[in-house]
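Take a look at this single chain in structure tokens; it is the form predicted alone.
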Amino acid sequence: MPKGDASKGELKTPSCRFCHGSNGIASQASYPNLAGQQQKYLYDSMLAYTNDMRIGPMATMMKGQLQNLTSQDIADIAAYYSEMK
């Protein structure tokens, strides 16, 4: 996993905020809260969506949101959310 930069990750989260909230707390109970989650867990979860390893009702949408991100982008986003309290 690349070393994530939370300040860069913040700039890469506009589409994440719609469902997961501007503070990492989801607007709906069906969406997970991201604030304070383990960085590696977030990184691995996002990669799992891009690699079709995660399935479920939101998997296609998540893959679409993540498909144009590099592994560094994903690490930065994971760092950003993991540092939230």
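Throughout, we count residues from 1 along the sequence that is shown. All of these numbers come straight from a predicted model, not from anything done at the bench.
Not on display, but discussed next: the form predicted together with another copy of the chain.
Next on the checklist: Quick check on Gln28: any heavy atom within 4.5 Å of another copy of the chain in the predicted bound form?
Outcome noted: Output for Gln28 is yes: heavy atoms within 4.5 Å of another copy of the chain.
Checklist entry - Can Thr50 be called a contact residue for another copy of the chain in the predicted bound form at 4.5 Å between heavy atoms? => result Residue-level check for Thr50: no, no contact with another copy of the chain.
Item to check | Any non-hydrogen atom of Gln38 within 4.5 angstroms of another copy of the chain in the predicted bound form | outcome: Heavy-atom contact with another copy of the chain at 4.5 Å: present for Gln38.
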